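We've got the same protein chain twice here, in two forms, each standing alone as structure tokens: structure 1 and structure 2.
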Structure 1
Amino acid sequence: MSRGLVTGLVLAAVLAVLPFVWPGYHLSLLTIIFYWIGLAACWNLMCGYTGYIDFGSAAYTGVGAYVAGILMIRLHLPLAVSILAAGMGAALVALAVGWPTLRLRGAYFAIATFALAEALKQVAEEWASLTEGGIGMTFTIRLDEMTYYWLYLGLSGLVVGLTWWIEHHKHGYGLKAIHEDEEAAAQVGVGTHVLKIKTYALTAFFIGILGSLEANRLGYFKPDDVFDVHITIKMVIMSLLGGMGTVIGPVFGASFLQIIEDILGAEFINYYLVIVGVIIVVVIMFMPNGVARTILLRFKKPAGAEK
């Protein structure tokens, strides 16, 4: 365990100085990779561990972007305050949606979240007096590129680290028990409803922060960008490829997909979603544990043997 910690710290240090040694174009690629690792890790922490599937995570990048946008651009609040508020706004929405749906069958959660992102997009479009509607909002205050890189590195590290911590502590066992059999989990004392809601709000908090920072990094956003269903799609497929319900899965999945996307480039975008869809179907059909995990499982010693 302490060796893992040392490895993690060394890795973090190397990654933190990486942009200095390897500057230029790669900085933006690395930045975007860590942004997606953060998002995918959030999705995985809720959905991969509990088995409740969120099809509307873009709701939280959107809410985050708009909370930060409105606070910074209209009210001229400082960036740090606005970003934090963005996270809290997203968490509040998650609480409101999670409370009624997370006590029902997983189908209801999937449905409600799927509709949520779309509904919020429309609110942002229509409520132009607050959000500028389809015209979009432009940030005047931004950070420099290196800072975004460090922030994303830190945030994704934090979420992955948090996942690791949860996995090895009480909550992780509770979440896994929920995934396996909710009724049995309640029978041994797991307060399933509250545990799910807490986890969901926590991940929405981080998605909100990441979403607001990304909107700020790009400088300009409109409803279509930040509530884009493709954001959710990528989070789903990154977790799925890497292996849902594992600490490291989303790191693999996000890095892999983002690099592929970068290589294939823009002319490929039309085929991209078709291929992503086919990959999802094929992975579920043949490797429901995720690609990385399926391969890893072959080498792994029996679970729990080290304890």
Structure 2
Amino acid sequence: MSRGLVTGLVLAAVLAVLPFVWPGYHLSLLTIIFYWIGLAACWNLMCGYTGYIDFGSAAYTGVGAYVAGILMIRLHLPLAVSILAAGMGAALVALAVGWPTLRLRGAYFAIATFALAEALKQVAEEWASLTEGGIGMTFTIRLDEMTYYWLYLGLSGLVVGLTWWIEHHKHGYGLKAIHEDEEAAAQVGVGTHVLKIKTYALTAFFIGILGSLEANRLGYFKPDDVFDVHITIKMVIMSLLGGMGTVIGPVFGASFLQIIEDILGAEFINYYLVIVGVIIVVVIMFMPNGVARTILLRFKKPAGAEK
């Protein structure tokens, strides 16, 4: 049995036992960590591998929340159907937005995506007859905390596993080629634009599902909550801390940042954000490639070391 398989089985066993060993507060913390791992892994799959920096990912958490909210609250559809439709709605928006904007590069793409999130927030605030505007929407049907734990664990594991699979197949090679030199990639036959759109829509699908589940878990949301730019910023920071363009990077980054925020937020409630900011700066200064990539490079044996 390979070492990787043994490690995976042990990790799966630990994660299966943890909810029963750490109920209550710790269960909620683990649930939130898996939520952020899922979001950061989605952002990393699109942006870490292509180099296209998206500052509007919160648009898809918002779309997912409102699609699920409207379907459940107004049309009384089941939760499972509403959550799936939320992901599909986010993917459709991503397709419509990505077709023109993914032809842009650098700061132009980042600004365009940021404007999208802000525009959708204004639509949600003004279209009160559909979205309740600034009053917000309240879910009448919610799940128990243990169920959210398993859903977030499953979704985050699925996105991380999908990232691993993509990285080792033709799709991933194309994304890396785009990151290195998009024009050269196109010249050798990589369908760069279609590849970017497919990846963008795929990640938006999962972000929409996660956004809808989180809105349902909290029970109440309004435009400022689900279209908050800080959601995107947190995805970016988590990916940077862990290591952009790596499978395990978002897992390290999301876990590290969320645990640090939780500990410092309880002990230093008035100025913990300053401490978190300093920690982030220090990590980026001394580990510019991210925690995960730095560790992998340190333990990777140089070529020719073994004969």
Partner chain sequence: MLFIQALTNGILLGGIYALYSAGFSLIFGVMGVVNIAHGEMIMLGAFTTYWLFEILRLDPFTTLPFSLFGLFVLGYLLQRFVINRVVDAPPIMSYIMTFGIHLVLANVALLAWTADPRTITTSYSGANFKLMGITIPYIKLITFLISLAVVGGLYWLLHHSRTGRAIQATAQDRRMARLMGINVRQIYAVTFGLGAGITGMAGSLVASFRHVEPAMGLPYTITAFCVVVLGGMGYIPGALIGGLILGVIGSVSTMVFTSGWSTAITFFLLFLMLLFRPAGITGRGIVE
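Source: prediction; values computed, not measured. Here, residue number means position along structure 1's sequence, counting from 1. Each form is matched to the other, and the largest set of C-alpha atoms that superpose within 1.5 Å is called the rigid core.
- The form predicted alone corresponds to structure 2, not structure 1.
- Once both forms are fitted on their core, the CA shift for Leu158 between structures 1 and 2 remains under 2 Å.
- After superposition on the rigid core, the Cα atom of Tyr220 is displaced by less than 2 Å between structures 1 and 2.
- Core-superposed comparison between structures 1 and 2: the Cα of Gly191 travels less than 2 Å.
- In the core-aligned comparison between structures 1 and 2, the Cα atom of Ala107 sits 2.8 Å away from its counterpart.
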